[in-house]
Structures are given as C-alpha cells and as structure tokens.
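Just one chain is shown here, as structure tokens, and it is the form predicted on its own.
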Amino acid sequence: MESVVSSGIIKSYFDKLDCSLKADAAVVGGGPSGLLAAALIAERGYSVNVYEKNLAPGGGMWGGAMMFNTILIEESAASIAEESGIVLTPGDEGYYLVDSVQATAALINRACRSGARIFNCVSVEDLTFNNNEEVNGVVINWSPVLQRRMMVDPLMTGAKAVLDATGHPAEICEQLTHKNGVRLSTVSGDVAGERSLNVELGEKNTVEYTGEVYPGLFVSGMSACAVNGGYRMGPVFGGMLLSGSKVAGQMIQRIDKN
C-alpha cells in the first residue's frame, strides 16, 4: 500500500511538472491579484503556472487586518468577488464586509478549477530572456533550497507573459533591474518602492499602476504600487481583484500576439 501511495503522488506531480515546462503565462506569487489573474487567463483556455514560495497560496489575505479575519471590498469590485465565490455582507459607504479565510479559499478554488497549475513551496529566483531582450520564462527552485542557501541548480520554464505578483517586495522586478541593468517603464526606470499607507490612494494606485513594465513582464497588486511608487493599501482588497482582472486582459493580449 505504501508504494502505491508514493507512486501515485510521484507520477501525478511529475506529469504536472513536465506539462508546465512551457506555458502561456507564469504568475509569480499566489496572492489575490495573482490567483484571480491566473484563473481568468486559464478560463480563456490558456495554460498558466502559478509559483507560490510559501506552503499556502493566498498572500496576506488570510490574515485579514492584524489577524482579525475580516476584510473590506469596494462595491466596484463586488461583481468580480461574487463571480469568484466570495460571500459579501453589506457594510457602510459602498463597502462590503468579507470573511478573509472564505475569500482566500474561494480565490484558490477558482484558480484550481480553472485549470491553472499551482506549485506551492516553489520560488522563482530569476528570469530568462530571448534574443530580443524580452522576458520569456522563469527560473524555479524549491523554496527550502533558497531559504537554506544551498548551492542547488534550478530548472527553467518558458512563458509568453510573466506576472510579478509577489507583493510589497516586487521580487521579480528587483531581480530584473539589479541583475541586468534594464530600465522599466516607470518614471525613474527602476523600482521606485512603495509609499506609506493611504487607503483611498493605495486602492487607486494598485489598479492604475497594473500593467506591463518591461516586454513580457507585468505587475499587479502591491507589486504594481512598489514598482511605480504608489501608496500602500490597507485591509481593503477590491483593488487587488480589479488589478488581477486588468492584468489578465493585458497578458492575454500579449499571449495572442506571440
């Protein structure tokens, strides 16, 4: 029985890994904007890999506000939330109250049901380029390997569009600019870093700054704010959903061009 269990897991996982070596889209970071973007792209019939360095996808949405597991979603994002299976309770001034655990689970479920391939405990440590200096894939390794700074070579997976949805650190954009000296489509050409918290402007900036910052590389969610110098958001997640929806459409356009 033990060998049957192990064999089934190994064969299933490596089949998934083998199929993922080339994909239409690679989403780095399984937070709310990344999960929604992955789901929307996969629902259109495109292949999508999601790489989440932690054990559980979901980003900071699980924790609510200071571990009070309630968050807010604006009315402008209510339809996206309901389509994703998130339960909304009317609040004040155009906001809905949401159980953060239920909302996170709903987004993970939508991404899984869409056919997106989620790889948890897998980190993206670098990017790959083609001859035209466009991002065309990611370099992956087990998260514990990187956490322990073990000298273990990675693997590479191709993608027609890559999304940095790593949140506040904007890890992928930082790697790109630090290692290659390239200029992003920001005012400074570099990662500006996010500004201090402003709930209203943070929500607007999250959506406004979502988009392609280098050929083949997109940003969403808090990565969009960090790269472009936007304000930090509070425990309001409508902007995250609107950002994920916006970037999905942009990435599909690039995939179709390629």
Ligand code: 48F
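Don't overthink the numbering: it's just position in the shown sequence, from 1. Quick caveat, the model's predicted, so the values are computed rather than measured.
What comes next is about the form predicted in complex with the named molecule, which does not appear here.
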property: One stretch from 232-240, 246-254, 18-26, 5-13 that, in the predicted complex, holds residues within 4.5 Å of the named molecule by heavy atom; result: 232-240
property: Any non-hydrogen atom of Gly31 within 4.5 angstroms of the named molecule in the predicted complex; result: yes
property: is_contact(Ser123, the named molecule) in the predicted complex, heavy atom dist at most 4.5 Å; result: yes
property: Interface membership of Phe218, the named molecule in the predicted complex, 4.5 Å heavy atom rule; result: no
property: Partner proximity in the predicted complex: Gly167 to the named molecule, non-hydrogen atom cutoff 4.5 Å; result: yes
property: Residue among Asp99, Glu74, Glu171, Glu134 with a heavy atom within 4.5 Å of the named molecule in the predicted complex; result: Glu171
property: Contacts with the named molecule in the predicted complex, stretch 46-68 (heavy atom within 4.5 Å); result: Tyr51, Glu52, Lys53, Asn54, Gly58, Gly59, Gly60, Met61
